Each structure stands twice: as C-alpha cells, then as structure tokens.
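Quick setup: one chain, the form predicted on its own, written in structure tokens, and binding and motion questions come after.
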C-alpha cells in the first residue's frame, strides 16, 4: 500500500516548519527500507520522474515483483536492491529515508542498525520517517494475540478460525472490538502485523531516546509536526506512530508556523475543493497513467494525488483498465453498463478524476 504518512512532500513541509532547509522532493534521492513489492516507492517514482528512488528489501520474491511492476509501468528512475540493511552500502547520501512497517517487526539489533544507518547515510539537510507500533495501545492487543495463539495450539486450523472461535466466547467490550478489528484485517495483513514472528511495540520516549543516542534529532510527527508524549499516548491508547528524524547537528533556521492540526484541516479542505474542481473537468478520453494502470490490472489499490490508496471492486477495475486514452466518456459509460451495471458511472468518474487518479 502507499503510505500518506511517509509522503516526502508532506514530510518536507513539516521539516521546513521546524526550520530545516530540505531538498525539493522532485529532484531528491529517496530510499525506502523494507520496500516490499514496491507499491509506495513506485508511487513516488511515478509522481517525481526526476527523483532517484531506491528500494531495499531482504525478500527476493518481493524485490522480483517490485522490479516487474516498475518495468511494466515504464519507471526508469527506480533501483531495487535485494539485501539486508546491514549489507547495503549506498554510493551517496539520501535526502529522504523511509522505514514504514519496519521498526516494530525486526529484532533489537536491527533497530539499532537502522538508527546507525540513518545517522551515516542521511544528507545534512535530509529527513527520515520511521513508523512503529506504540506500546500504550498494543498491550490489550497482545493479550488477544496470545489467547488466539493458544487456541491455534489447541487445534484451530489458522489464525482466522482461532479468532472466530475466540469471538464466540468474548464478552462485549474492548476485547470484542479488538477481535473484530483483527478479523477485518484478514490473514495476509495479520501475518505481517499482529501475528508476525516479531511484533515489538515501543513507547515514544524509548524511540526518541534510541534515535538521539545515534546522533539524530526528533522533529515530531511526520504529518503534523506535533511532538507527542508517552502520557498522552497512554491516555489515548495510541497504537501507531510515524515520526520524523534529522541529523542532530543539522542547522535549523527560524522555526516557521507549526503545521499542527488546524493547518492540516485547512489543507484537507483546500485539497477537497481542488479535487472537486478537477472532477468537474472530465477529459474527453479519460486515461490512467502506466503505473496506475499496472495497479488496476493487478487489482492493487491505486494511489491518489495524496498517496492515499484507493481500493476498487473487480467490476470497477474492469472499467479502469479500459481507461487507456482510446475510449471516450460515452464509450466508457457503455462499457461500464456491461461490466459494472450497478455503477453510477458519471458521478463515479468525477470522483476518480477528483482524487487525481487520471493523467
């Protein structure tokens, strides 16, 4: 999936608000650690053809699929490396380093290695985004995980069956809510999240302390720039954080107005209005770019203009795949009636255009 919290354009705005003179994303060197099958990194490469996007992952199948997708999408500014972080030696510093879905799922020595790598290979005015699961909200979830594992050991076929059996005995309340949430995630996500071989939730304070011990400075939340604390996380039962780091010795200029929640709401309103304006101007021959067409053909979420992953039904995907620029809106509407008869085509197409999905 694409990850809006690890959008270099947003992260750079947060860093600039703190006084850091960050390189423009469109011409930056971007590294994603644990890039998986490439959905996020390839979305960045597609948005910024002038950027150098490098993906790193230790799993050969993931890198193979990412390379195949990059080739099918015609992305020339991507390099995908099959290697462990400890074996990877880049040839130049990075303006942006992304480690989303990595920190909480690796052993402690790899966490230390990650911070060491960032400290060594981050450009003087670069920023790193590191996300992790927060201990405050995961205490309750881990109790559910352990009970579900006990049910599996007692004979349940898989984690989904174990959770379903657990659900029948659980009382209404927080425990039932957690089980319902896990069931909604599905087997594939649970295998890499709640039930991963390593799932190590940390407190924000411990995370910041580790970063600072490696000569890094904490700039705050990667989207809002707000600096939270453990007390607030405990009060809210927070489960996830995405934080922004820079070099400890980086020169910070005069801090600008913090991004904050008010500014974020204002940005969302402006984005929605811009999206509505885009949606009102439908092209005569709607077209997906090659990357989003690749996503549609593989039934993957399509990243919108804000890197939010958009999920479509299979009938809707059949309509999207037909948007290769050769069919008019009228022809597409007739095609939609055949393959997606329940789709209210024109309002749907305006929504698709408003999300910035069409080239």
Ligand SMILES: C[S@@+](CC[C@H](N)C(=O)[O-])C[C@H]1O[C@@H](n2cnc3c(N)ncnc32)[C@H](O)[C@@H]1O
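What you are looking at is a predicted structure, and each value in this text was computed from that prediction instead of being measured. Residue numbers count along the first chain shown, from 1.
The same protein also has a form predicted together with the named molecule, omitted here; what follows describes it.
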Handout entry: Heavy atom within 4.5 Å of the named molecule in the model of the complex - the one residue of 286, 220, 101, 137 that qualifies
Key = 101
Exercise for the section: Select from the listed residues 106, 156, 75, 208 the one whose heavy atoms reach within 4.5 Å of the named molecule in the model of the complex. Expected result: 106
Exercise for the section: Just one of 113 to 121, 162 to 170, 140 to 148, 93 to 101 has residues with a heavy atom within 4.5 Å of the named molecule in the model of the complex, so point it out. Expected result: 93 to 101
Practice task
Classify residue 39 as contacting or not contacting the named molecule in the model of the complex by the rule of any non-hydrogen atom within 4.5 angstroms, answering yes or no.
Solution key: yes
Practice task
Look up in the model of the complex whether residue 152 has a non-hydrogen atom within 4.5 angstroms of the named molecule, and give yes or no.
Solution key: no
Exercise for the section: Please check if residue 58 has a heavy atom lying within 4.5 Å of any heavy atom of the named molecule in the model of the complex. Expected result: yes
Exercise for the section: May I ask you to check whether residue 35 falls inside a 4.5 Å heavy atom distance of the named molecule in the model of the complex? Expected result: yes
Completion exercise
Looking in the model of the complex, the residues of 59 to 89 with a heavy atom no more than 4.5 Å from the named molecule, listed in order, are 59, 83, 84, 85
Handout entry: Outcome for the Cα pair residue 100, residue 300 in the model of the complex, compared with this form (closer or farther; change of 3 Å or more)
Key = closer
Handout entry: Direction of C-alpha distance change in the model of the complex, residue 300 to residue 77 (at least 3 Å)
Key = farther
